[in-house]
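Consider the single chain below, provided in structure tokens and representing the form predicted alone.
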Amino acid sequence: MSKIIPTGAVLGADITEIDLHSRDASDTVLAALHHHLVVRIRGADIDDLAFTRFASRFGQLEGSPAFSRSRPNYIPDAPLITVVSNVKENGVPIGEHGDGELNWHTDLGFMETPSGYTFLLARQVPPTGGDTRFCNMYNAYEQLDASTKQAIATLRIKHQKSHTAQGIPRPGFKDISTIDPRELPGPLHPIVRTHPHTGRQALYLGRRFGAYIPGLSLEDSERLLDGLWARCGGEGNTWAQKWQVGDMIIWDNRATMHRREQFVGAGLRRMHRLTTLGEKPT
């Protein structure tokens, strides 16, 4: 019988004694995700094909868009998996994002239809560093004062698509020259979105770099967004995952953001990531 054990923080829970090959496993995980937003399964001893089968029970799987990838496939037998790694073979990186810090973001918010759930499986981790921190976007919204909630109720935010969470141009945008948030490409999403399954409202912010609120001056947009991001990542609204090999972390991008701490010089790290297609935010 599976057990759900909350982390004690504002989000996150461990699921123990779960059989990932069982059809019932997805029901257990979904129930935990709707309540805790992030779940951790330790010791996930599954190969990439089984990992893909498991994640596919949560929705349509969608690989990273071509313009964001440095290669067509990372794992030929499991082409929907994205490798997130600083490992190099013959001097060439086998994956994306290296070993630097990844600032707060939500997965594929820079697409018209962003990710629903993300699955990240640790294949190789350094002794220290590279922790992933999550924040609760329900809580961030609920703690806003009434006037701020009213001010942002109908506003939309541009989720720029040309740069990564490190502020580096994606492979498909190497020639981009502007860094003016008003000119950077990306879709518009509501700042406050309603979760399609729980009905709860959450802030939905994407990436800080290049974000812009149309209709406001650049100065007013920057001021408002700085305040919202500070609320999200503030003390008491986060939980940190310290990785072990075999950890599988699953999170709901509709109601969380996440960031990765840098681990430059700490060792090698290789993660395998899958995402499900979500829905257009409303």
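So that there is no doubt, residue numbering starts at 1 and follows the sequence shown. Predicted, not measured: the structure shown is a model, and the values here were computed from it.
There is another form of this protein, the form predicted together with N-oxalylglycine, and it is not shown here; the text below is about that form.
- N-oxalylglycine in the predicted complex is not approached by H163, whose heavy atoms all lie more than 4.5 angstroms from it.
- N-oxalylglycine is not shown here, and in the predicted complex it never comes within 4.5 Å of any heavy atom of A122.
- None of the heavy atoms of I191 is located within 4.5 Å of N-oxalylglycine in the predicted complex.
- Heavy atoms of H105 reach within 4.5 Å of N-oxalylglycine in the predicted complex, making it an interface residue.
- In summary, the region of this chain contacting N-oxalylglycine in the predicted complex, judged by heavy atoms within 4.5 Å and restricted to 210-218, 30-38, 252-260, 47-55, corresponds to 252-260.
- The candidate site formed by V84, R269 and R273 is fully in contact with N-oxalylglycine in the predicted complex, as each residue has a non-hydrogen atom within 4.5 angstroms of it.
- Along 132-146, a single residue, T132, places a heavy atom within 4.5 Å of N-oxalylglycine in the predicted complex.
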